[in-house]
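Have a look below at one chain only, the form predicted on its own, in structure tokens format.
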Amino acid sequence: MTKRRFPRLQGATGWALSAPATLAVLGFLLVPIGAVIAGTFMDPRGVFAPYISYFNSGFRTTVLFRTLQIAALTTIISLIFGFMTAYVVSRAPGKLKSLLIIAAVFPLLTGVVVRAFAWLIILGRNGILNQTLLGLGITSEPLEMLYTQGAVIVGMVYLFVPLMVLSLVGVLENIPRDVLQASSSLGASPIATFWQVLLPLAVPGLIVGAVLVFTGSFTAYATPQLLGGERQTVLATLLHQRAMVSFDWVGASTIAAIMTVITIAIVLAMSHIARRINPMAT
């Protein structure tokens, strides 16, 4: 009876309950980001001078494309390994499924820096992998694996695959096995079943996982700094250098603005792709 007589009061209560969180987001997230971006348009040389200066620099554009390439490759590789792992986990029986989920997300229990240092030990010139290759006679001298783009991508994939697995397991669990069996009974090959049935139904988890992995790898700092060094400078490390070494706050703000715009654009693009593949995904 109260619900029917005071609908406006219920709406006001909902707004009142959400107001603290909304104000916190505005005050601690949107306002600082807006202030950083607005500061880039107040350069005495011109409104767009910082951006023109950034894109006229061959080094800075190389850093931008390198960061995009690393983030894209990390996302694709994480999608492949994450999907296979999540599918196996989703089809496992009860107790085994719990153990597999724990094993899949176990790396999340350690810090990012600790995991990066583990790869330093594995990929170093005197590391475990080089010593193994030398011991087996596969190589005659240690390989230069550290401070390469490959090392950064390997560290990123190891860092973000658990997030992809968590994003996909729940979605794949909710796909009835009867649907896949019906596809096979109607004459569809396993490849056709995957592309036409399983993949479209898994789109929501794929999009969520891809967004998490891409944005995380695009803005990552510790792993590229430790495994890539100065040879593999990315936007996050370049931003740190501009802000904390060169004290070029306008340059650092410009990089932050570019990263924000690209991240939002990628999220919107992935959402559009999701709607095209599966209209029920978003």
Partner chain sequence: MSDRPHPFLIAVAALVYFFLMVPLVIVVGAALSDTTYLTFPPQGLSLRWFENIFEISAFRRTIVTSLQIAFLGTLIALIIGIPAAYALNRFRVELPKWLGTLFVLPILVPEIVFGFALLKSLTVGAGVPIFAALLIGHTLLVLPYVVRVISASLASFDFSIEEAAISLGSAPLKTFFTIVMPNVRAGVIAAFILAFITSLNDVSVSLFLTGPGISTLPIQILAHVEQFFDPTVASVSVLLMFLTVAVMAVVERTLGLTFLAK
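Residue numbers count along the first chain shown, from 1. A quick note: this is a predicted structure, and the numbers were derived from the prediction, not measured. Note that the rigid core is defined as the largest set of C-alphas that superpose within 1.5 Å between two forms.
The discussion below concerns the form predicted together with its partner chain, not included here.
- The three marked residues, Ala49, Val152 and Met270, fail to reach its partner chain in the predicted complex, with no heavy atom of any inside 4.5 Å.
- For the options Ala72, Leu134, Met145, Val112, the one in contact with its partner chain in the predicted complex, meaning a heavy atom within 4.5 Å, is Val112.
- Looking at Phe65, you'd find every heavy atom of it more than 4.5 angstroms from its partner chain in the predicted complex.
- When its partner chain is considered in the predicted complex, Asn130 lies well away from it, no heavy atom lying within 4.5 Å.
- Under a 4.5 angstroms non-hydrogen atom cutoff, its partner chain in the predicted complex has Ser253 among its neighbouring residues.
- Within 4.5 Å of any heavy atom of its partner chain in the predicted complex lies no heavy atom of Phe59.
- Taking a 4.5 Å heavy atom cutoff to its partner chain in the predicted complex, the contacting residues in 140-163 are Val154, Val157, Tyr158, Val161, Pro162.
- When the rigid core is held fixed, the Cα atom of Ser98 travels less than 2 angstroms between the shown form and the other one.
- The Cα position of Ser189 differs by 2 Å or more between the shown form and the other one after fitting on the rigid core.
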